[in-house]
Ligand code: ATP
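Before any questions on how it binds or moves, here is one chain, the form predicted on its own, in structure tokens.
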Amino acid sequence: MTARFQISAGGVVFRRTGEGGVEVALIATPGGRWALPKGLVEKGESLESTALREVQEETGLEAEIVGRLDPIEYWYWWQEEGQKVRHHKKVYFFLMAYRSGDVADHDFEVEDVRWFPIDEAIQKASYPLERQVLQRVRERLLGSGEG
């Protein structure tokens, strides 16, 4: 069995609403899965540069990094040259403040991009580890909401 290790970087792009809330941008990948924008780190590229590039390509948004989030790790299978290959992926996420751009300007790899209120984004995200990332972002930007 073949296994490969991959390092990716991406971002949670947020903007504040007039009502004191927070919205975040999610991408819809083929198959209708909602996810955070991310991609592979290219040779010689920093994690921060990768995250900003991938966010811009996949969402059409320009953003500024305001903090680093905890990375996530997972395993998945992918078919390569007729053989099942196991991948171990580590993804470094950054908290990013929206600066400009339009979600309609996303690239061809993405089916749709939308802004969601943070609580809805947590529910909408297809992957449990990304839901955890979004929950930590919510706590960081709005507090725990308990009390």
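Model, not experiment: these values are computed from the prediction. Start at 1 with the first residue shown and count on from there.
The form predicted together with ligand ATP exists for this protein as well; it is not shown, and the discussion that follows is about that form.
Problem set entry | Options 62-70, 98-106, 111-119, 30-38; stretch whose heavy atom lies within 4.5 Å of ligand ATP in the model of the complex | Going by heavy atoms within 4.5 Å, the stretch is 30-38.
Problem set entry | ligand ATP contact at residue 86 in the model of the complex, heavy atom, 4.5 Å | Contact check for residue 86: no, nothing within 4.5 Å of ligand ATP in the model of the complex.
Exercise. Looking at ligand ATP in the model of the complex, which residues in 67-90 have at least one heavy atom within 4.5 Å of it?
Worked result: Residues within 4.5 Å: 72, 74, 76, 78, 89.
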